[in-house]
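The chain below stands alone, shown as structure tokens; this is the form predicted alone.
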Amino acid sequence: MKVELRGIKKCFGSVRANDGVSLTVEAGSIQGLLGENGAGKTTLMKVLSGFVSPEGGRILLDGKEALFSSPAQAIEKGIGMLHQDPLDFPPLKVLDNFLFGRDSGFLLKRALARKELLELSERFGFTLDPEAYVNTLTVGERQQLEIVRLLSLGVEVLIFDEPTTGISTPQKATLFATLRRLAKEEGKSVIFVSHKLEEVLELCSGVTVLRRGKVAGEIAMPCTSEELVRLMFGQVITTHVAEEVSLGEPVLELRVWGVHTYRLDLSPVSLQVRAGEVIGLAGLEGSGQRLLLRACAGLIKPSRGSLFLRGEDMSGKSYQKFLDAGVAYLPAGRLEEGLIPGLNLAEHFVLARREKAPFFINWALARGDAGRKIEEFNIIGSPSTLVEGLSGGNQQRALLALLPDSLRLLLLEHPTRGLDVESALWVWDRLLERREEGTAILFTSTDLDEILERSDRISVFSGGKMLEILDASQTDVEQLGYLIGGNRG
């Protein structure tokens, strides 16, 4: 199916998310869509998939104008979108979520749906359990569920918004092979939205670049990453070199310590993290890194051993006690766990205050404080902007802005997930400023280059076990990949 977007316009208040955007995707092709965070990529794809109504412009499918005002209507027309933050129902099972979007047979065709789910999962190399609850899945697994659900609905135009975030390297290779097969052999139209230039260069036949709501340019493959970066930002982005920091006293110490859940038993861990140290947690999704971070934040009680913060035994203490001790946790699910949909930025900054709240809130003062934070952290929005209306990069900037001024331990899941090059560098500049102030940082990422570049030491996880702790300066991607796969050879 050939897709044409002509002069699409969409505003959110004074922000012009799409300002006359035109885009053509030929049937049987994989079209890349690039742009910095807030450039209008996701808004454009939400217009195409029926989540957002445009204020101007036309959508043509095989030359015929298409009108739809909901995702259900878009799917009926053959258009489906995989969102960066999966749209699912966490309290329900995988199979229940897989069945959503179908017109009938929700209760009567579960056996057939289960078979289809397992077959599609096997085709992609996913390991989805139909009876597992979605709130127990990792971000990567939830994305995988959305991929197979869209394919089961028979869509002809597939929109993938950061689909490789949170999945393993073998799963990514399988996904890319499947997308090529869907485009070349079945004639489907694929739109691939990504901030990872190397993925677009590897997979796409052409690329459209958005900048500030407008088309900055279109390029046919092959091209260089430098050409794409210039179109995205108007200049070549240079990586900042982190300054060396003298490490201080131990901040976090885990002594023969472990965590148990019904899905995974994190084997005994011994680890010491010093002030100013950055430790990357490497491993496939679900290998134990998330359990470690959540337990170190006081969100999960360890099943064995002791946890010390600056020499104080915090084992079994509440999340509130960990906050009081200077611990902060930024989850991968920005809207699910980090922010509160329905509240605006000013309300978030009021809630984030650690001092005792007054009986009455001075909202004029609160909006002024929020405005200063928004300016300081370069958030594209205003104090009255609802957090779900922010782009992924601006949501991450908001989470960083909500952190207390002084921290002893900062725990992060995928701190640059879904961010463009410039936004990712900006985030790490802020984190390294924390490091220079003596904050110890633990973070997890599926990007091995990020793990290697940003860490002092790397802790490798595989199957619920901490295999080794490596000196990042003495480790390469190949060695790290072997260890993540459980191969010590």
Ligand SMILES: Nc1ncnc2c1ncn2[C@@H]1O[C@H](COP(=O)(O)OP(=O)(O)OP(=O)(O)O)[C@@H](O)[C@H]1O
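Note that the structure is a prediction, hence the values are computed from the model and not measured. Don't overthink the numbering: it's just position in the shown sequence, from 1. C-alpha atoms forming the largest set that superposes within 1.5 Å between two forms make up the rigid core.
Not on display, but discussed next: the form predicted in complex with this ligand.
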| task | State the residue from 88, 141, 162, 277 whose non-hydrogen atoms include one within 4.5 Å of this ligand in the predicted bound form. | result | 162
| request: Counting non-hydrogen atoms within 4.5 angstroms of this ligand in the predicted bound form, say which of 373, 188, 195, 334 makes the cut. | output: 195
| field | Segment that reaches this ligand in the predicted bound form - one of 427-435, 30-38, 65-73, 458-466, heavy atoms within 4.5 Å | value | 30-38
| Hey, in the predicted bound form, does residue 224 get a heavy atom within 4.5 angstroms of this ligand? | no
| task | Using a 4.5 Å heavy atom cut-off, state whether residue 472 contacts this ligand in the predicted bound form. | result | no
| said: My question is simply whether residue 408 lines the interface with this ligand in the predicted bound form - judged by any non-hydrogen atom within 4.5 Å. | reply: no
| query | Can any non-hydrogen atom of residue 135 be found within 4.5 angstroms of this ligand in the predicted bound form? | reply | no
| request: Identify whether this ligand in the predicted bound form is within 4.5 Å of every residue in the set 180, 289 and 291, based on non-hydrogen atoms. | output: no
| task | Enumerate the residues of 49-65 that have a non-hydrogen atom within 4.5 Å of this ligand in the predicted bound form, in sequence order, or give none. | result | none
| field | After fitting the core, residue 15 CA displacement of 2 Å or more between the shown form and the other one | value | yes
| field | Core-superposed C-alpha of residue 195 shifting 2 Å or more between the shown form and the other one | value | yes
| Does residue 81 move its CA by 2 angstroms or more between the shown form and the other one when the core is aligned? | yes
| remark: Checking the C-alpha spacing of residue 35 and residue 403, a student should find that in the predicted bound form it changes by 3 angstroms or more, with the atoms farther
| Versus the form shown, are the CA atoms of residue 401 and residue 43 closer or farther apart in the predicted bound form, given a shift of 3 angstroms or more? | farther
